[in-house]
Structure formats: C-alpha cells, structure tokens
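We begin with a single chain expressed as structure tokens, specifically the form predicted on its own.
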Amino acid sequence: MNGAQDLGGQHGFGPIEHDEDQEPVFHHEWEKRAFAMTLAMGFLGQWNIDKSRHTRESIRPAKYLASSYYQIWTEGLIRLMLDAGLVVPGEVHIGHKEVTPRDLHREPVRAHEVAAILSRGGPASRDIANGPKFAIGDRVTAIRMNPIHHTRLPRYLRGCPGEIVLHHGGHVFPDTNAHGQGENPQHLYTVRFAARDVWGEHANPRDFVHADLWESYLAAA
C-alpha cells in the first residue's frame, strides 16, 4: 500500500544518519524486549510475515514517522494480537489479563530452542508449475499501481524500465499472503534499474538500483 513506510526517493527527509559504532542492533534495553516479544508471538502461528508487515505499514503516517523502529514493531504487535483475539483492549493498557486466555493448542517455544529456529529461518521459496514469463536479459517495466493492499513493489520504481538479471524461482506472493488469500507463489526476479531511469538526468550514470520483484509486478518493455 502507499504508506509512510514507502519513503524511497522522497524529498524533504534529510540525509540518512549512520551511527559511529556501526549501527548497533539495539539502542535501548527495551528494544531487546520488543524484539523478543515479537518473535515469541510470531511463533504462535496466528499470522505470517506479510500480514505483520502490512499491519505495521497501516499505522497512521503521522504516528509512523514520529516512531522509532521498535516502537513501530511494538505498535504492530499490539494490533496483530488484538486482531487475532489474543488480548482485549483493556489488557493492553493495564498490563495484565482481564479474560481467560484462548487455548491455541500449541506449546510455546522455549528459550533454548530459539537459536535453532532462527537459524532455520522461514524460507518463502515454493515449487511452481508454470514456467517463468521472463528470462535473464529481458527488458521489463515495473507496472504502475496504487494499491490499498500490501505490496513489495516500491513506489519509486513504478513505471520505470529495467532488466532481468536473476531468476529466483517460485516464491510466496506477499500481496495475497498478507490478507489471508493464500500464498499464490509467483516467479521472483532481480531487476536492475539505471539510476537515471529512476531519479532523472541528474543521477550518476554509473549507478544502478537492484530490486527483487514478483512476476505480476512486471510487463515486457
């Protein structure tokens, strides 16, 4: 969707600031807890990664832009838990349960199991029956779209010409997976865009942008 999270190429936000100590994962102790809580609740299997992304990007722009990274994660987690019926609104504010918890018939993940689970990851690659529409070297154009649903096609690339440089096989399609409409795997490609085709004639002619894009995002050039 066109939300505050899609900032690529927008003017007026200033330069990206880098921490001198190589950008630590956590800047405050509470961020570690926010990260752990998000992982722990995700292990319950009540939502997928695409739904969690869509939930975060659905935060009102003013609140999103005024929040830090892990504040956004925390707000997203609260919304996911409310939507799944894992908490009721009052519990969010008072910090303890008000109603009998719903039995998910699922054992919680233990602390000693977390490292192994994270190392396995959650691959989104899937077998797909139909062959790819595009081949490496093909010229394509990213379609123009203004969806209200989740999408992984950045706004700044829409309508831009590019070239297929890699083919990754079938992968879960986030646009439907985020909304409970199935995985609907599609072919996934890495597309190279010339900076001048994206940013205009003032961009460095030697610069390129690479983006992993699903097949339905692309049209033959």
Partner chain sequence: MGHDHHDHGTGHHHHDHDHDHDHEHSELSETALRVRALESLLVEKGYVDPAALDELIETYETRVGPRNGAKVVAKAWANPEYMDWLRKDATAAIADLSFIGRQGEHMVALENTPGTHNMVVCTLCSCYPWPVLGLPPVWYKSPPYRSRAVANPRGVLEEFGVYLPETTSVRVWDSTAEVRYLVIPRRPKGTEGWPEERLASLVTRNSMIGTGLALDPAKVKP
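Numbering follows the first chain given and starts at 1. Small disclaimer: the values here were computed from a predicted structure and weren't measured.
From this point on, the text means the form predicted in complex with the partner chain, which you will not see here.
The candidate spot formed by 128, 145 and 149 is out of contact with the partner chain in the predicted complex: none of the three has a heavy atom within 4.5 Å. Taking non-hydrogen atoms only, residue 60 never approaches the partner chain to within 4.5 angstroms in the predicted complex. Shown alone here, residue 5 lies within 4.5 Å of the partner chain in the predicted complex, counting heavy atoms only. At a distance threshold of 4.5 angstroms between non-hydrogen atoms, residue 154 is in contact with the partner chain in the predicted complex. Although the partner is absent here, residue 183 lies well away from the partner chain in the predicted complex, with no heavy atom inside 4.5 Å. If you take 1 to 20 and check each residue for a heavy atom within 4.5 Å of the partner chain in the predicted complex, you get 5, 6, 7, 8, 9, 10, 13, 14, 15, 16, 17, 18, 19, in sequence order.
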